[in-house]
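One chain comes next, on its own, written as structure tokens: the form predicted on its own.
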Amino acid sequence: MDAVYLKEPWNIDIKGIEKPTPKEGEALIKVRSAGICGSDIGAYRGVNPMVSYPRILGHEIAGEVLSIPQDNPKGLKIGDRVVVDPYLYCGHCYPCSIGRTNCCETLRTLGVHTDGGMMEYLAHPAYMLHKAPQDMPWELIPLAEPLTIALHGLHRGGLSAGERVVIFGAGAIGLLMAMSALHYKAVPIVLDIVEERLSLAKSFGVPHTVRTDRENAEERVREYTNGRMAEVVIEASGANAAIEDTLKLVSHAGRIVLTGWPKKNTELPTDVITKKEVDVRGGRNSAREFAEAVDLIYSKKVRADRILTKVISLEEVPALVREIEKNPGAYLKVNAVLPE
């Protein structure tokens, strides 16, 4: 079968490999669609320290069940459409024991620590598959995975209706966070330096945007919150300057969620954290958000389809990875759809 094979940084191609044989407890999936993520671009560039090589890419995966244990916990059947939870956890460590499997002490992510799903067939633990409606378009189902990341960030922030949430970064995750915040009846304020992305956020119904290279973010957020500042601030860009600014924009007794992955450490004024009594929380991957994500996309309560820039074939993935690496601002989300 064909797979998207990253031999080493800057060396990506389609490679023929053996079709997998499912082990005990695994399902065999005919992969029907797969999304290209920013982490795939980082792997291609060689800047993601968690990626080992060679590596088959892909963790935003949807497909059709070809075989599955009859006693699988979700009652899935042959022919069902499913989205893959790509975060392999041990089930025994402390975070796993309290249901926070997303931050398992030995977590392995498809396409990062172990081979991913950008290939024609995938064997995967049956309990890590989530059913999608049979009439849900294949190109939309992989969007559930990045939406779970966005939802998890909002859940970690404890966002409630009526609260203001500052979102640093109008990339795919940031825009999905903003649309989800609107669904939760909160008030998103999106910050970025790219005017086109901010215009897109406005077209989604986001009431407030700030172009941080031209405007004073602290002044704008103070204006939009009537002086209180934002009850929740989520950093989704991974920029050190943005991480530093979270403490300026959060309210007293507010919450900060850090979901971006900075390339170096960030110094923070801990006296401000104490003075404002701010909760600073990490937000990694997702846990138990897949069912909600699938429902929100299918019901169009969150129009995740609006961030889909292009739909391609599996064979086109290597060329698109190279193109996105050169022109990242031209693409929000690209999904590959495979034939039956």
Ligand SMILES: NC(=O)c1ccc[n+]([C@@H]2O[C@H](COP(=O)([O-])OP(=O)(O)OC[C@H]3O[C@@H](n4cnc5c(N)ncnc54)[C@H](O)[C@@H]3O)[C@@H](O)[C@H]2O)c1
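Note that this is a predicted model, so its numbers are computed, not measured. In this text, residue numbers run from 1 along the sequence as written.
Omitted here: the form predicted in complex with the named molecule. The next part is about that form.
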property	result
Non-hydrogen atom within 4.5 angstroms of the named molecule in the predicted bound form for each of I149, D192 and G238	yes
Partner-contacting position among G117, G169, G254, G157 - heavy atom within 4.5 Å of the named molecule in the predicted bound form	G169
Contacting member of V250, L143, M179, I173, with respect to the named molecule in the predicted bound form [4.5 Å, heavy atom]	I173
Partner-facing stretch of 67-75, 193-201, 180-188, 226-234, counted where any non-hydrogen atom is within 4.5 angstroms of the named molecule in the predicted bound form	193-201
4.5 Å heavy atom contact, T259 to the named molecule in the predicted bound form	yes
Contact label in the predicted bound form: T101 to the named molecule, heavy atom within 4.5 Å	no
is_contact(L122, the named molecule) in the predicted bound form, heavy atom dist at most 4.5 Å	no
is_contact(G283, the named molecule) in the predicted bound form, heavy atom dist at most 4.5 Å	yes
Partner contacts for 199-216, taking the named molecule in the predicted bound form and a 4.5 Å heavy atom cut-off	T212
